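Before any questions on how it binds or moves, here is one chain, the form predicted alone, in structure tokens.
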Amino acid sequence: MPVVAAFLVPGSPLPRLKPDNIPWGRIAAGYQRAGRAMAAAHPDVILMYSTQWLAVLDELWLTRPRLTGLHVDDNWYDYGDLPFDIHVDTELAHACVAATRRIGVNSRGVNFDGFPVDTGCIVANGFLNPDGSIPVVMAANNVYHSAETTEQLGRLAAQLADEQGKRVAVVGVGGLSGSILREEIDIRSDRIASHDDDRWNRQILDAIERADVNGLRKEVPEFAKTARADFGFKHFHWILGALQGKFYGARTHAYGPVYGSGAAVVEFTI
């Protein structure tokens, strides 16, 4: 199997922008531990899927060789800006665009100057690939794709990387429970929005740590509905597809709130 590392990580910019705030700093520290694990795995490419890059018609893949700039998050702009410098594996990205018809999905490549890279990809790449030395293939979250289709996309992308002889790190960027606190809070006392959300988050993380894939397939739909999991937890299915539905456990490097919603940094044992 070409996958040498796999991570589920949050796309919120808050741990990146304000790691000195203790609740968010714990997430940042977990991200840094995952970054060291990423480096130790020596992947040739990162397959990244972010819930925050939204597509409506076709599946989209970034095919521009390099993207640089200064990003301002739509919601958390008052905490600062996010510089980015992302190198894309265009050979593999073009292969993904061409191959998705095999699974009944139309794809397009995106290649233009100033493309608005989403916050999730910028945050994940900044923590996991801080020097930008590992090229990335970035896939959009088509809002009409099911979990099953997303899983097929992850599987196909990993297979194509294998055909090109590349070692893969797969990254699913997104949150856990999706309820954000609506009132202004003292960020030092940030918390998961509800006890039920916290219970669901911990239940799902426990199942991932135990590699209970069958249980997860049964529980995730209810988790998505009850705890408003980020886009139905499709970023987990991207990872599951790349791993061909099989892993042997996981380590949660960090779990906590980002303004009420749930966030976790998880490293899969493969």
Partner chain sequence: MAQGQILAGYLAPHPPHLVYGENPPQNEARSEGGWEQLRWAYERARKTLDELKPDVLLVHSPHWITQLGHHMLGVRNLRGKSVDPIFPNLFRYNFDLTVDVELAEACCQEARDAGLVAKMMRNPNFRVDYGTITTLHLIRPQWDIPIVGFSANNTPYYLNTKEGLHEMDVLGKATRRAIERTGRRAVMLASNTFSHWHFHEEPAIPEDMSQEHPARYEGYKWDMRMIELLRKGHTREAFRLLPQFIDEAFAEVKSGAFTWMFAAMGYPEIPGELHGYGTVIGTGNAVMEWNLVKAGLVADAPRAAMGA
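Residue numbers count along the first chain shown, from 1. Everything quoted here is computed from the prediction, not taken from an experiment.
What comes next is about the form predicted in complex with the partner chain, which does not appear here.
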State the residue from 188, 195, 182, 102 whose non-hydrogen atoms include one within 4.5 Å of the partner chain in the predicted bound form. 182
Exactly one stretch in 198 to 206, 55 to 63, 235 to 243, 39 to 47 has heavy atoms within 4.5 Å of the partner chain in the predicted bound form; which is it? 55 to 63
Hey, in the predicted bound form, is residue 83 touching the partner chain, heavy atoms inside 4.5 Å? no
Give a yes or no for residue 148: in the predicted bound form, does one of its heavy atoms lie within 4.5 Å of a heavy atom belonging to the partner chain? no
Is residue 89 one of the residues lying within 4.5 Å of the partner chain in the predicted bound form, judged by heavy atom distances? no
Taking heavy atoms and a 4.5 Å cut-off, does residue 132 contact the partner chain in the predicted bound form? no
Let me test this: is every residue among 21, 167 and 255 within 4.5 Å of the partner chain in the predicted bound form, going by heavy atom positions? no
Output the sequence-ordered list of residues from 220 to 237 with at least one heavy atom within 4.5 Å of the partner chain in the predicted bound form. 228
